[in-house]
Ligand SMILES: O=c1[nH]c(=O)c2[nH]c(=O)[nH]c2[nH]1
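Only one chain is given next, in structure tokens, and it is the form predicted on its own.
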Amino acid sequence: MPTILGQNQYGKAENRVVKITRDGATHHIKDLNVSVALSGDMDDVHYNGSNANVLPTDTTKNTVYAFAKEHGIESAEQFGVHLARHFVTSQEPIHRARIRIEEYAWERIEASGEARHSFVRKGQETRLTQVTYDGAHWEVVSGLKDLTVMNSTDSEFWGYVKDRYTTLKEAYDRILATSVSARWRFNWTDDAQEMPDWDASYARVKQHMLRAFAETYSLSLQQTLYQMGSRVIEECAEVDEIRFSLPNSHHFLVDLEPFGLKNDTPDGAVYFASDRPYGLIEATVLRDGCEARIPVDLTNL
């Protein structure tokens, strides 16, 4: 045979699950987008079409919804662990399960009366997690995307390499803005270890990330990225690796001279927010002695 089968997986992608928990007049929402990918003894289905080892993707979809009811959704990570363990331990041909989850946050609308069942979708980041299980070892990588942040000062950019094509002027007081995409890998790998408090850990990672962004006097976005990652690794013992993808959301002073106006005066300045092209800064920060495992391309998570 001139060809052989390489790495493969299958499953049901983007199962939208909204779980409403009713505690009297007070309701709670968990809103997830769950994708399941399964791997194992799948040679025959590829080579000759035999489905003997194939759990239908429709069954994986049904399992997601049934588990949301039977087990509830304590956190995206915990829900992913339940699903991954089930698929690997209940189906002999399946050796590895990968569960990817996006979580969309809702905020309660406070209103008069006793009812507490109205919500507005939060406009900040989307929470993410990927849980992988092979029957013996776990890998949990959580993260976020679309967390837009800005420092209106305390940022500079100068002293860079210049050649015949360089037109950018050095900046000694600029806006630093970005939309953070980050993934972090937990050092919880087997059931003998104590499982992290997933929700508390997420809140802690995000808090240190944002504090580092706000407290760093930035001479480059790379420096800010490293400070954000270092703060997370130093303050969150459960995390061994964090990878960022940070687009530099450029803000350029508008030329108002044609209108007889000076820009960048003490009372403020007017900027043009450019959405493209943009600088893209990416890097991984690791705990000393640990090996990088998060893919360079975060979209592959």
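Residue numbers run from 1 along the displayed sequence. On a predicted model such as this, the values are computed, not experimentally measured, just so you know.
There is another form of this protein, the form predicted in complex with the ligand, and it is not shown here; the text below is about that form.
The three marked residues, A13, L55 and I94, fail to reach the ligand in the predicted complex, with no heavy atom of any inside 4.5 Å. Proximity to the ligand in the predicted complex, taken as a non-hydrogen atom within 4.5 angstroms, holds for one residue of N187, S152, S179, Q222, which is Q222. Residue in contact with the ligand in the predicted complex (any heavy atom within 4.5 Å), chosen from R100, R174, R231, H82: R174. With a 4.5 Å cutoff on heavy atoms, A203 does not count as touching the ligand in the predicted complex; it lies far away. Although the partner is absent here, L168 is a contact residue: one of its heavy atoms lies within 4.5 angstroms of the ligand in the predicted complex. Interface membership of N248, defined by any non-hydrogen atom within 4.5 Å of the ligand in the predicted complex, is confirmed. With a 4.5 Å cutoff on heavy atoms, V18 does not count as touching the ligand in the predicted complex; it lies far away. Looking at 214-222, 101-109, 70-78, 124-132, the stretch with residues near the ligand in the predicted complex, meaning non-hydrogen atoms within 4.5 angstroms, turns out to be 214-222. The partner is not shown here, but in the predicted complex the stretch 141-159 reaches within 4.5 angstroms of the ligand through a heavy atom at F157 alone.
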